[in-house]
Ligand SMILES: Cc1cc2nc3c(=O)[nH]c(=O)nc-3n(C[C@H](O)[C@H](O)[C@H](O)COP(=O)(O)O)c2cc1C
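Below you will find one chain, with nothing else, as structure tokens; this is the form predicted on its own, and questions on how it binds or moves follow later.
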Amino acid sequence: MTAVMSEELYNAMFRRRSVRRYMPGPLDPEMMRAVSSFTASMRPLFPDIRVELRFLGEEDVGGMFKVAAPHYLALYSEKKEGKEANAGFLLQQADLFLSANGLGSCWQGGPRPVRGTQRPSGLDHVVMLAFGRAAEKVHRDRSKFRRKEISDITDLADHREILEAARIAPSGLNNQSWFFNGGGGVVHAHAARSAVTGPMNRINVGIALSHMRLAAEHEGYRAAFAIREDGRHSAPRGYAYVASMDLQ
């Protein structure tokens, strides 16, 4: 992904909105090729986790809370620690790309590929994005974001520009189920524990880390991600450790 594209995604963070109403009909072939080309270039949180992306149509997707759209981008993953966060990290790049190109998109945590839809061998569906030409506004003013205060999601005093990017990230049910701590240029990311929304909370953290990586690069850092033992021991009560970001 080029530096120019990274800046376009960074700028899209501050104006994107979830779109739930779409115009009928597929995107034109040229735009679909652009979307496909971009998704092939997306950077994973954990490169060692095998994933595959599939474009699906409305007839291929079902389930509760489904947003009717002409296209869906489904992510399948091997069963491995970090798979949910990795999925969120990847698909948020697609979410921002679509927004930057004037298209609508919406995270779909509940819907699933319908029975009979061919899935990649050895991989499980994790989450998907609905997308297409929007029948409502694609962008909004930053003042319209409804989010927690930054003091509610971190106890870190530095790198506030990067943490602000996490604060405005989208999340399932808009619950902003993350907390960040650490120090010395390392940020540990944690997801709220829940017997019901645990997987989505980990996806949420991946989404936030995707924003943080773009903000870090905008600020002139290189962001490296890993699972660290000191991070595992830093999880606050009620949270489970997900990953760490090392700012270099």
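Here the structure is a predicted model, which is why all the values come from computation and not from measurement. Numbers for residues come from their place in the sequence shown, where the first is 1.
What follows is about the form predicted in complex with this ligand, which we do not show.
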Answer key, this ligand contact in the model of the complex at 4.5 Å (heavy atoms) among 69, 191, 214, 207: the residue is 207
Proximity to this ligand in the model of the complex, single hit among 160, 80, 125, 140 (heavy atom within 4.5 Å): 140
Heavy atoms within 4.5 Å of this ligand in the model of the complex: which stretch among 71-79, 101-109, 116-124, 150-158? 101-109
Using a 4.5 angstroms cut-off on non-hydrogen atoms, would residue 203 count as touching this ligand in the model of the complex? yes
Hey, in the model of the complex, is residue 18 touching this ligand, heavy atoms inside 4.5 Å? yes
Going by heavy atoms, what in 144-174 lies within 4.5 angstroms of this ligand in the model of the complex? 147, 170, 171, 172, 173, 174
